[in-house]
Structure formats: C-alpha cells, structure tokens
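Single chain ahead, by itself, as structure tokens, in the form predicted alone.
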Amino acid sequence: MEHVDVVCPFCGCLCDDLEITVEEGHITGIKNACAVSRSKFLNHGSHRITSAAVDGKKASMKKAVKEAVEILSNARRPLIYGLSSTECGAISKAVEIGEVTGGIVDNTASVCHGPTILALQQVGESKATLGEARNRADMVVFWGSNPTAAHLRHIVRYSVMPKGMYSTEGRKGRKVIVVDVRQTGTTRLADKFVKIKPNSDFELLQALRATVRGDELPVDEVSGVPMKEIKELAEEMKNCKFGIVFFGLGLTQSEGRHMNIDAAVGLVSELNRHTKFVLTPMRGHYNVAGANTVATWQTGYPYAIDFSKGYPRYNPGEFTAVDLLASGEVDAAMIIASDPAATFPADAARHLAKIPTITLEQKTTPTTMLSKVVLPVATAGVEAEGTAYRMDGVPLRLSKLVEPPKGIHSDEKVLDMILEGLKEVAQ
C-alpha cells in the first residue's frame, strides 16, 4: 500500500511530501526522505521496548500505570518533562497531569530555544512561513545554525535550492549568507561566510542595526568582522527584495542568550524600513513548537510552568527542568519523548537517578535504564496519528502507517490512563 504526502516526525521541518510503502504491516520503502528520516521509518520497530517494567522487571501495563499513579500522587513536587517528540494530544494530557498533581510542566525548549521565546515575548517578531521563504526570499541568512547537520532537507526544500512563485531561479536567484564562529557544511554552500568571535553575536547584530540605520561607528572592527565587511553586508540586506534570517542555538545558547534574539529582532525591524525582512528560529525536535503552543493554549505560558499554588505560574530559571533537578527540588519525574539522562548536566542527571522516575519511550535509552517505571508507547507519526507544529508555527497532521506491537498504546492513551488513575485517587 502506498501512502503519499506523509509528514516526517523527526525535525522541525516536518517535511510533508514523503511517500511510504507498507507491505503486510511493515514499512518497506520510502521516497523523498533524508537519511535520518529514512532510518526512523524503516527501523522504528528495531530494539523496541515491548513490555512495561517496574524496578527493572517486566510488568503488565496495568501494574506499571498503577505504580506511576502512586508515584505521582505521593510526590510533593513532581516534574513532567519532554513532550517535544510526541503529538499535541499527548502534550495536552501531560499539562493536565501537571495541574492535577500540582507539579511542574517543562519541555525541551528550556534547553534550546527558551531564550528565543523570552525575547519574542518582550519585543515581538516579524515572521513568515517556510512556504513564503521558498516562494519569495532572495536573501537567506543562517545565523548560528547549520541545517546541513540538523535540518537535512531545509536547504533543498524550503530555503536555498527550490524555485518558488517569485523566486523562479532557485539557487541562482538567492544570496546565501552564513554567520558563525566556525566553518560548517552550510558555509560551503554560502555566497558569503561571516566568521565572528565566539560569544559576540550581540555586538555584531547591534553594529549591523546601527549601520542599516545610517550611523557611523568609530571602530575598525566588531566581533572580529571588519567594518568594511559590516557595511557591505548591511547594504546587501537593505537592497534585497525579501530577506529571512534563520537562527539557531548559536544565538540562543551563547553569551547574551535572549538578548541576542532581542538584537536580531531589532535588526530585522530596522531592515523593514528599507525592504521586507523576517526571522525564523530553527526549531529542533519535530513538535517542540507544538509543545510550546499547546502549553500556552492551556496555561497561558509556553514552558517552565508550576502548578504548586493551584494555578499556573511561569518563571524560566526557577521552574525549568535542569534548574529543578540540579537543586534537588523535585522528588519524582515523568519523562515523555525525551532523554534527559543523556543530555542534561551531570548534577541534574544524577538527581534524576535518585528519584522515582516514570518514562514513556519506544526504545531503551539512558533515561529508561534509570527509571523506576517504564511504559512502552507507539511512535507518533508512524504507529499513531496526531498533530504537530512546524518550526514556523504551521500545524500538520501526522499519519498512522502501521499498527504498533500488541498491547502498545499511544502516548496520549497511556497518559490518559495515568490521568484517570490520578483523578480516582483524588476523589
């Protein structure tokens, strides 16, 4: 059976042109996919967790859910974390569990594009969809991002190579600029590579903004970039018809953090006095934008949400997962579609290993290995349908292509079972 226009549940590009062949309940072929996407679809069934576990021993799903309910209901300060590699229905249930338990709900934005959200809450943004970038952009700037390693089809499908409605020449009609601290795969595709000193993005952004405004800076260089080159870049940006800045963790996780994004927004705002310019964050996990969106729908806040007072409170740096774990504040955790034991700082991961942890996961990870309760789940976008939000905020529908292993349910179904158990305990 052939499935067309399938959405890929890997990165924030959410490519929706995949063609999947399914034979006898197994995926046997895939077209239009990058190497990582191909591997995810063809190998989603390999090395699966096929049975729930409690204290490292196999258990029935009913027993594991009951244990999870007991852990969460007895916890003084539980943490619900992850949510960026699952669909929106599951995220909604997780937020509700946080409210019922009086716990904290956080998603992976707190360790990647959290500073982006903080900045845009303060100063707003000029944004566009990836479709508009494809159809209109004649200047593309990659600032602190490397799509050749992180978003493999972004360049080919959305930003650099494709011919659009108004960008009819494709690559020939686009000026591609990369701003980074080192050469990457993306710099090899660029018309211009601006190499800057580490942790000096803020200064260069402000210098560019001043130059676009017409101010003369009495310096020879900024951030390691000669003023002559800065002036040339400013003129090129002003003279394009439609420009877009795609920025990544090089901006959000270096010195300055949210102030870097604030400066980028200011530069784009200044450029809009001369031409049309927008900016878009290069979101990593395929539904991290959805995690922020759903949390905002339900609580008013995108991440780092605390329900301990009976209502949602928001304070990044206090209610974010790394900070809570590093300070030893939480006494239980439920991890959904994430692997913090492999990615968090050592002191945070160490505390996670000390407390009772519940993990919803398809395959064995460092987090499942330290968890008290492991609940196997179906793979969203392969074995379960749902909705995800692309990096530009456009919602797309994920497909169910094959059945999950017997007895395995979606994240949403498992979370609903836990939620019902918690409500029964509370009565």
Partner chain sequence: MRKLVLKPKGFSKIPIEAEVISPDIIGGKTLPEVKALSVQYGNKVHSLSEFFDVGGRIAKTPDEQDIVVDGDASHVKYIGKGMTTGRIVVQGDAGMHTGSQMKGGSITVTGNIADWTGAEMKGGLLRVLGDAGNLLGAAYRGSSDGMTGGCIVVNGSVGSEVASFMRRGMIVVLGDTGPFTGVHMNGGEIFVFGKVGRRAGAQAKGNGGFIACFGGIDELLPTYRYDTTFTPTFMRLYLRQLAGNLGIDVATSYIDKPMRRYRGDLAVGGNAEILVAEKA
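Computed from a predicted structure; not experimentally measured. Numbering follows the first chain given and starts at 1.
As for the form predicted together with its partner chain, it is not shown, yet the points below apply to it.
- The partner is not drawn, yet in the predicted bound form one stretch among 135-143, 171-179, 309-317, 157-165 has residues with heavy atoms inside 4.5 Å of its partner chain: 309-317.
- The contact residue chosen from C88, L189, A75, C240 relative to its partner chain in the predicted bound form is A75, the criterion being a non-hydrogen atom within 4.5 angstroms.
- Exactly one listed residue, out of T275, T129, Q122, S126, brings a non-hydrogen atom to within 4.5 Å of its partner chain in the predicted bound form: Q122.
- None of the heavy atoms of P356 is located within 4.5 Å of its partner chain in the predicted bound form.
- Contact annotation for A207: at least one heavy atom lies within 4.5 Å of its partner chain in the predicted bound form.
- In the predicted bound form, its partner chain sits within 4.5 Å of a heavy atom of S327.
- Its partner chain is not drawn, but in the predicted bound form it has no heavy atom within 4.5 Å of E229.
- Along 231-267, these residues reach a heavy atom to within 4.5 Å of its partner chain in the predicted bound form: E255, G256, H258, M259, N260, D262, A263.
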